[in-house]
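Here you get one chain, nothing else, as structure tokens; it is the form predicted on its own.
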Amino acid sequence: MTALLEIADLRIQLPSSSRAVLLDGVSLTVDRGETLSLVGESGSGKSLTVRSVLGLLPERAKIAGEVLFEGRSIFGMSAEELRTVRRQDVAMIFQDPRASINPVRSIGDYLVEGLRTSRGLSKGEAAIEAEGWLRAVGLSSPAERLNQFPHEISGGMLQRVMIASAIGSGARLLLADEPTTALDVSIQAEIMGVLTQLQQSLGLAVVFVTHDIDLAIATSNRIDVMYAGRIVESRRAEDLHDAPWHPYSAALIGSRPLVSRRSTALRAIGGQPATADDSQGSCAFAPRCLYAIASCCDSAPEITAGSGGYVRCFRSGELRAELALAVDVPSEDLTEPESGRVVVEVRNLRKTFKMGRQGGVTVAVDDVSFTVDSGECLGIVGESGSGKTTLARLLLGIETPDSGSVMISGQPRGARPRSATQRRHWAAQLQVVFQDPYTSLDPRQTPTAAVDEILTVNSPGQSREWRTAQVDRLLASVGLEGAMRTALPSELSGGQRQRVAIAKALAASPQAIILDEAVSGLDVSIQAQVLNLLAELQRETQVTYLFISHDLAVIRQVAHRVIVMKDGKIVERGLTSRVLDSPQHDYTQRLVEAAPRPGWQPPQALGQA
């Protein structure tokens, strides 16, 4: 039987570019009702591979190889034939659903237009169908949802709308490009449950692009691991986790944090991801591989087939036992530091906001109290809307509490700072590192200039020589060397930019740092580097961290203690190991159960949203 989708030796190259080769000999198949996951670091070619199925390729790109849907060549289709495939046969959902739906049109307009275009239904027929598909993806009150606008529903609900649009068109193949990355862990579980149940009931085939290898293993039939524009390993999902065949696959698995136990130190992958151009005629992973030999740098490995998959590695056969051991990282839980010196003290903090013209009030932070000692990391977890970010803004003095108090090193923080002197004093107490390092850095400043500016503001009167020495020390402490120090943010990787943001925070010599989803936008390999770096810096400087994250595995790795927030309240607190191993509150239990891990399955029943 012909595969639903077949990509054969696909090579995509730009005619004139410093990174001309984008995909280099990609081959894969997807059968009806099957889920194939593509995993790998940013730039590995995952998204370009799935976009090629719809013919969405860079202008002027040189293309070799084939993409076949039900045996028909995508590249050989006329414009009208390709439009028909896009409307009726193959659908795609993206990471950010808000970027795909017109914000000034209602949910009903969006769905009805799609159904009329793809299936030729009348407006009334399409409206009835749209309501039925919203019900099928688990949205409550579907008739009312049709009249709502995108800004009136949550991201998880909007992603369900995108899925309803995709399956309502009659598509047999769904391309899902990081569809859950921006969602809370519980909403991610719900979305994966929706996809799994619809796939089983409709026979839908799915190509799932993700950086979360645990999620891929739990929800896929097969996994293709991509690196530098090539598939380096293709395996059954249940086989990959415990017995990877390629050193890169083993490195990805060993570098991710786990919600079930804390790794003594994550096995971060050294160096930076390569491009297909970097490795013509050699193994692309060789410069970062712990097992590379001379032949890896002299020639490119061919495909070696095995039971249930294939691999591109010269040494795969002899390394399999060693790679199986490499993914089993030693574990050790954190214990509370013994400093006893309180750095952050929050007492009975409350913050409300007025909503709309009617004057309604929403409680964002409700009677929150906690302390954090010197050298300690406090994890703050909860879903969107739980009050985590408002709490951070109150600590930073960006928002003023209705009642309660914030003390940093015994000194109160109330209203916003009244002078430049007070701003500098507050900065010397508490700094923040945000989720997106690119938007938090001046695009015109090099790392050297960015750190020097912080030193100039916070240490007036110090000599240029002193500042230069401090810049060197700070950039070295976060692993930025050589040309990286004089590069612009656009020339740095995401992990390197986050290192600059951390160096800037340290330049003020703060007693505490708030890390607001500081690693959620990073590849798992780069995330491991940053988490290891944060742990090392804390051991050396005894700086205090308040780590805000929706990722319980990250919290398990970095936090001594954790507080769980819901609706502005702390519903559970304690040692991280105790809370995650034996959660007492039903809300915490749901968060822990929703976190992907080996053996995890998404919920089979569609929860109402």
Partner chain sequence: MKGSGRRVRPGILGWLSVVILVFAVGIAIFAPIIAPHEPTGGSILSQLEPPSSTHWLGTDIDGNDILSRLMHGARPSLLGPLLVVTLALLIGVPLALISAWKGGVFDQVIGRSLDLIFAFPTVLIAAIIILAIGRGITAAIIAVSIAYIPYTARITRAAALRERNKPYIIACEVQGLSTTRIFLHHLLPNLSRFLTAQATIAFGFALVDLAALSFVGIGILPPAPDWGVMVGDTTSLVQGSYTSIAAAAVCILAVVAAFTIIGNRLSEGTERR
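Residue numbers count along the first chain shown, from 1. Definition used throughout: the rigid core is the maximal C-alpha set that superposes within 1.5 Å between two forms. Remember, predicted model here, so these are calculated numbers, not experimental data.
Omitted here: the form predicted together with the partner chain. The next part is about that form.
Look at 293-301, 527-535, 124-132, 439-447: in the model of the complex, residues with non-hydrogen atoms within 4.5 angstroms of the partner chain sit in 439-447. A heavy atom within 4.5 Å of the partner chain in the model of the complex is found for one listed residue only; from Asp472, Glu453, Asp333, Asp278, this is Glu453. Put simply, of Met226, Val346, Leu430, Leu173 only one has a heavy atom within 4.5 Å of the partner chain in the model of the complex, and it is Leu430. With a 4.5 Å cutoff on heavy atoms, Ala420 counts as touching the partner chain in the model of the complex.
By the criterion of a heavy atom within 4.5 Å, Ser374 is excluded from the residues contacting the partner chain in the model of the complex. Remark: Thr486 counts among the residues lining the partner chain in the model of the complex, judged by a heavy atom distance of 4.5 Å or less. At a distance threshold of 4.5 angstroms between non-hydrogen atoms, Val361 is out of contact with the partner chain in the model of the complex.
For the stretch 271-297, the set of residues having any non-hydrogen atom within 4.5 angstroms of the partner chain in the model of the complex is empty. Taking the rigid core as fixed, one finds a CA shift for Ile398 of 2 Å or more between the shown form and the other one.
In the core-superposed comparison between the shown form and the other one, Ala79 has its Cα shifted by less than 2 Å. With a cut-off of 2 Å and the rigid core superposed, Pro489 has a Cα displacement that reaches or exceeds the cut-off between the shown form and the other one.
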